[in-house]
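Single chain ahead, written as structure tokens, the form predicted alone.
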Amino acid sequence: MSSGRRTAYFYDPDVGNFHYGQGHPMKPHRLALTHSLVLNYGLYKKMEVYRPYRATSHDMCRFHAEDYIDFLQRVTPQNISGFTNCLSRFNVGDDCPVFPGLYDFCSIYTGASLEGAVKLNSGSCDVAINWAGGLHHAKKFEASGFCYVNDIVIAILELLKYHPRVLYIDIDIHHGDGVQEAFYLTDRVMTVSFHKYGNLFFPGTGDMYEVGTEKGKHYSVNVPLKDGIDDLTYDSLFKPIIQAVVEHYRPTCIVLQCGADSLGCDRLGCFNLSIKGHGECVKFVKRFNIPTLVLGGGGYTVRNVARCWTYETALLLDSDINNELPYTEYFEYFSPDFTLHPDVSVKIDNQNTRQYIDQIRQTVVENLRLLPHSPSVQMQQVPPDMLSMDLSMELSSDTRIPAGEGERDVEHPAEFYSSGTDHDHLSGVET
């Protein structure tokens, strides 16, 4: 591998076939486009490609409530009338609809993140990539913001068995509220979210002064941004903040959520980042040479999501790829330019003034100074892995997926904060 770092990449061929419903902005099909570009650029040759493990209800219940996961497992579009009382209770409806194969979809993207965490724990890879994951809004008791199962929290709980400190970084345009809430009381995980805040933008959380509480005080870092932020302004915040966070917290593992709805021209976004600007964040995090789980997230202009995550796969592999897209079965999606880096800028004024940016940077750095360097963790027995790195007797050898290997591994607790009073709803989003 050109970078000298071993990269594991997870993709299930079924994941792009799920459909939230007509008019819904979340399109799992974007994952098929991304994978097709990864294959046709030849990036698969520089990493291990796996058909991922599928998470069980037991895996999901390491974070989520059993009755909620049981509901996801049983509800279908055909029997939904029998679950009327559960729909509002679990926040399932227009924004988080019941669609065919819902539970299987959750099982696929969660299993891939979990297996990525296990491979990082075992040292069998340095970087694990799951573009299907990163669904950061899901809560212990409910769905939220197109997210049903919080694969990020489940993966971090697995990482905490071997890593004393895990750093979570979120560059989705929406606040990583579900992950922040899960670890709000602990210093074992530092959450850092760069997101749009204000004007009732979903989910309405992520103020700069949400810093955590009790043992987790100052271990939640929020960078609330305004409309129209561009590459230069974003870079001037992201790099010094992440540099300071890494120096103070000294994480032994990083989870990076790369939501692509922070790109310009996103269907639900209002930022003005280019694909290269978004990728610069990935490139910067990679330079720390810390084991990293890289996940997807939001992103609602499908052709640009695929471009962005393909480019970032190449960055993680230290591979230069041509701006001219290779021919694929989805080639027409990328018209009229058929390039990797089209102009995605929009006519939105950058409302993030220099004074505002300086204030955010100063506040975050001052809060970090209040923390002890690299908080220690008491020695304790390591629980068994959620997934055994040896093939389970009940599982046959894996099926290869196109141009790569497939592997199945099988079985996971740590701390999390949960709130039964959280009732975020994705209202006012155009579909």
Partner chain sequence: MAEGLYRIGECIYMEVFPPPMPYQICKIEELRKNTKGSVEVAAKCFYRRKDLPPSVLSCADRHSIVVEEENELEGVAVSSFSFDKLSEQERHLVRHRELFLSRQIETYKIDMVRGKCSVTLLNELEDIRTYLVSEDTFFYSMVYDPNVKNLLVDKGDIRVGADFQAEVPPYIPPESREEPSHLATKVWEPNKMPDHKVEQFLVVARSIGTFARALLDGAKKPQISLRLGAAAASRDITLFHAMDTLHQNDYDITQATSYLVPRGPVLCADELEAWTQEEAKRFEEGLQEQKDFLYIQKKYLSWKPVKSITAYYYMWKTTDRYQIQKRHRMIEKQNDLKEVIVHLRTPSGAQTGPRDLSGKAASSGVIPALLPPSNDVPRTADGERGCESCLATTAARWYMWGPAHEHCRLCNLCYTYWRKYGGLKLPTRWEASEKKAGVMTATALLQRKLNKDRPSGPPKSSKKAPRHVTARKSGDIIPPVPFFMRPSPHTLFERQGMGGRSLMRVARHPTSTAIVPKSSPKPSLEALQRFIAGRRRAQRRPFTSHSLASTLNRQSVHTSPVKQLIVRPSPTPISPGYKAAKASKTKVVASGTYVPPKTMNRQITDSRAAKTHLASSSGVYVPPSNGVIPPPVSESRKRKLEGPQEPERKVKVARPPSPATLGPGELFFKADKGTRQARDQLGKGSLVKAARSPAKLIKY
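Remember, predicted model here, so these are calculated numbers, not experimental data. Residue numbers count along the first chain shown, from 1.
As for the form predicted together with its partner chain, it is not shown, yet the points below apply to it.
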Margin query: in the model of the complex, does every one of Asp177, Asp349 and Ile360 come within 4.5 Å of its partner chain, counting any heavy atom?
Written below: yes
Note to self: If we define contact as a non-hydrogen atom of the residue within 4.5 angstroms of the partner, is Glu312 a contact of its partner chain in the model of the complex?
What the structure shows: no
Check: Would Lys276 count as touching its partner chain in the model of the complex under a 4.5 Å heavy atom rule?
Finding: no
Next item on the list: State yes or no: in the model of the complex, is some non-hydrogen atom of His248 no more than 4.5 angstroms from a non-hydrogen atom of its partner chain?
Entry: no
Check: Might Glu329 be said to contact its partner chain in the model of the complex, defining contact as any heavy atom within 4.5 Å?
Finding: yes
Notebook entry, point to check: Using a 4.5 Å cut on heavy atoms, which of Phe288, Tyr356, Phe83, Phe338 is close to its partner chain in the model of the complex?
Noted result: Tyr356
Next item on the list: Spot the stretch among 238-246, 67-75, 116-124, 288-296 with residues whose non-hydrogen atoms come within 4.5 Å of its partner chain in the model of the complex.
Entry: 116-124
Check: Listed by sequence position, which residues of 27-41 have a non-hydrogen atom within 4.5 angstroms of its partner chain in the model of the complex?
Finding: Lys27, His29, His35, Ser36, Leu39, Asn40
